[in-house]
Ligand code: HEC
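One chain follows as structure tokens, the form predicted on its own.
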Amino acid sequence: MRYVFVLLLFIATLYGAKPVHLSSKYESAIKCKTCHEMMVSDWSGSWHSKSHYNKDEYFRKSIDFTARKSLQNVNSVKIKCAKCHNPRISVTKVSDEYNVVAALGLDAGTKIDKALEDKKISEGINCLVCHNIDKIHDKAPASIRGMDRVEWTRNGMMSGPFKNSKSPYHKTQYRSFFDKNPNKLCFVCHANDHSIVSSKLLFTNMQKEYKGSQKCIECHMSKKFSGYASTYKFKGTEIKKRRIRHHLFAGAHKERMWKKALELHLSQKKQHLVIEISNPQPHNIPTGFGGRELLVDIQFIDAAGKTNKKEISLTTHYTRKHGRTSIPHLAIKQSKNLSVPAKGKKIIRLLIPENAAATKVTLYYRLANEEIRNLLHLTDPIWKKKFFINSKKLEF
């Protein structure tokens, strides 16, 4: 019996794609800060820097929930999610043999165990993820995502938006997807995400819903401005000024991203209040990871100032076997998409109470609806926080 365990342990180290070779010289964003201080400082405050099991409560608890409900090993789920969350991981597949080994508690020291503990992936989506991409297979099927959608440059070769860049620490090659078509780079991960139990359930389809020629980075990084991509003086030459961007990777968790992100118009049609929500953005709202929520807070106010409140939640609900509440990745069904479409609008009509003299409507955004918060036992206040978007008043 002991021989069988040892054999399984040996087999469990032989699977997976060819490991990504990264020397310690390039493994940390801190090493990049000497020359690229602004970019690294920006990135440090982003959720890209926290896309790791140990740093993101939502991600960690989603993995634990998925492993528990699907009877999988936690490490196996981590490897699957690493395609986007930790693309530089040195192991890309999990064998059945490993799952047996892990179930017996004999996985310590295996290739997967070492890969998940490797310092090279502790920073999540760091400089060495985007700036080591050589090619993007954007014509690949939608199911091919993350690391499976790209090819890497060789160790020590950085890719970037400049054709005449030089560094004493690494070689640099120009890649057009940084400059001419950066959305292609974003959609490597921020595109199509399926349930792991139903390939037909696509709960994120940002690439398909995206409208217009607007670049993702114009909002989520910054507009271009005159500055220094590198502050290192190479061979005594002057630092070169370029058209650069901040590397903020600001997302839905940043309050400033939401103010006036949606337009709001109120009108009265006979006995009804008509709420028109217009979305000037190139993607749906809510979009991205399933379970996000747009809240429409309505207050009807009578002549004495007394209010009658109503709240409408525009979100998606997910169910798994036997109609049980689910997170998106384990769902077999999802409710109707109530998002405000990209470059489109949504109309809500409500009967006006007889004694109402005025109304106030306020739009908020929430990162996780109540269903998801309760299911995953999320405790960080940010998941419950209501981000203000817009507010309007109307007298009847």
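Note that residue numbering follows the sequence shown and begins at 1. Given the structure is predicted, the values throughout are model-derived calculations rather than measurements.
One more form of this protein, predicted in complex with ligand HEC, exists but is not displayed; see below.
Discussion item. Heavy atoms within 4.5 Å of ligand HEC in the model of the complex: which stretch in 270-278, 100-108, 299-307, 250-258 meets that?
Written reply: So the stretch in question is 250-258.
Practice prompt. Identify which of 224, 93, 114, 321 has a heavy atom within 4.5 Å of ligand HEC in the model of the complex; exactly one of them does.
Written response: If I apply the 4.5 Å criterion carefully, the residue I get is 224.
Discussion item. Within 4.5 Å, heavy atoms only, which of 295, 264, 81, 201 is in contact with ligand HEC in the model of the complex?
Written reply: Contact residue from the list: 81.
Worksheet item: Should residue 315 be classed as touching ligand HEC in the model of the complex when contacts are defined as heavy atoms within 4.5 Å?
Response: Output for residue 315 is no: heavy atoms all beyond 4.5 Å of ligand HEC.
Worksheet item: Should residue 118 be classed as touching ligand HEC in the model of the complex when contacts are defined as heavy atoms within 4.5 Å?
Response: Residue 118: no contact with ligand HEC in the model of the complex.
Worksheet item: Contact between residue 56 and ligand HEC in the model of the complex at 4.5 Å, heavy atoms?
Response: Judged by the heavy-atom cut-off of 4.5 Å, residue 56 is in contact with ligand HEC in the model of the complex.
Worksheet item: Going by a heavy atom distance of 4.5 Å, is residue 155 a contact of ligand HEC in the model of the complex?
Response: No - in the model of the complex, heavy atoms of residue 155 and ligand HEC never come within 4.5 Å of each other.
Practice prompt. Between 141-164 and ligand HEC in the model of the complex, list the residues on our side with a heavy atom within 4.5 Å.
Written response: 145, 158, 159, 160, 161, 162 sit within 4.5 Å of the partner.
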